[in-house]
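Encoded as structure tokens, the following chain is the form predicted on its own, with no partner shown.
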Amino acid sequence: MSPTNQVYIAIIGAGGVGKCFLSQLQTLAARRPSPKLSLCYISTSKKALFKNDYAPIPTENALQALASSSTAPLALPKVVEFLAAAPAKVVLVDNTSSQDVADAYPAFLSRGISIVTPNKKAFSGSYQLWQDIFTASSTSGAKVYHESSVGAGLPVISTLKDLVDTGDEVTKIEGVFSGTMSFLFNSFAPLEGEGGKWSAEVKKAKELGYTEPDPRDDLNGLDVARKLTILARLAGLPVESPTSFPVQSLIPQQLESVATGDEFLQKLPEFDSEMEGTKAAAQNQGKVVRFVGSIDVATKAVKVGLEMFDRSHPIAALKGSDNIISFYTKRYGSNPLIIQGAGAGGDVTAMGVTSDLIKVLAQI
């Protein structure tokens, strides 16, 4: 088979998103026989599966084969060398949230290896890394797409890029960017009924798998800050990092340093009165409280935290763990362009990755 009709796929990360992506890759390969998609490398932090002659790894049992592999993953510089020497084009799919893998993106891209990923750290880390990634991409012609780094499968990044690339002027971006925070506030301060105690809702969200293993990783607001950093940069603001603007943490100060997530949940009820007060203050004004991020492009102000919204506002009416992102622009006037839907979950995140892969295949 001529190399031009084949594209190699390398996958780092085979957890929740990685598993869903593998199954979508299988479907994609069956539905679109050309170019032939060959899995040539797959690894977790502990194990790897690859052949020195790039012989394809069957996707249908790749996870089982990986689980029983006794091969350690290659060091990242070695992965770059291995993929750069492949006899056809290569797309690296990074399904991790690893800073180390993110830091290696410029090395992959400069060797002609395209990247698709939900990894936020590559695009919300230092502004220097952001610049290095896109410089390497434009110099080598390798592509880099990261739609699911902001809204899982929602077309948030592609929409913003289309607005900017066609010459519209984005004035403000505002929304609920975290499925976890959306779920928490929709059940803590619902439009109808009373809602539960804050600590009970946090515990419930963890039991349902909506939070990180340690809920403080959601409640510190940093996940939302990373997403805002990415969007602000795409809108033209050179934001230095997710810690370079105001981010409100919902972790009581006394609980920031407790040893474990379980201990945090145990002690959280002692601090319920504070959140109850915030909820009551909003109710007294006929409003509800939500955890939002906003970017004011004109004043270059980026912030994350609690805001009060009229009960008729689209942000107030969100359900479940949905995300909602509103783009205010010159063209759209006073009515923003709104994107809304599931912003978390393995299947929808992997869908964003798969659709990015399709975009790359069309270009290489």
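Everything quoted here is computed from the prediction, not taken from an experiment. The first residue of the sequence shown is number 1, and the count goes up from there.
Only in words, not in the display: the form predicted in complex with another copy of the chain, which the text now covers.
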query: 4.5 Å heavy atom contact, F309 to another copy of the chain in the predicted complex; finding: no
query: 4.5 Å heavy atom contact, R31 and another copy of the chain in the predicted complex; finding: yes
query: K319, heavy atom within 4.5 angstroms of another copy of the chain in the predicted complex; finding: yes
query: In the predicted complex, T159 touching another copy of the chain (heavy atom, 4.5 Å); finding: yes
query: Candidate stretches 293-301, 60-68, 38-46, 330-338 - the one whose heavy atoms come within 4.5 Å of another copy of the chain in the predicted complex; finding: 330-338
query: In the predicted complex, the residue from L250, V101, L163, L255 that sits within 4.5 Å of another copy of the chain by heavy atoms; finding: L163
query: Position in contact with another copy of the chain when the complex is considered in the predicted complex, options G167, G277, G286, P213, heavy atoms within 4.5 Å; finding: G167
query: In the predicted complex, residues of 325-364 near another copy of the chain [heavy atom within 4.5 Å]; finding: R331, Y332, N335, P336, L337, I338, I339, Q340, G341, A342, D347, V348, M351, T354, S355, I358, K359, A362, Q363
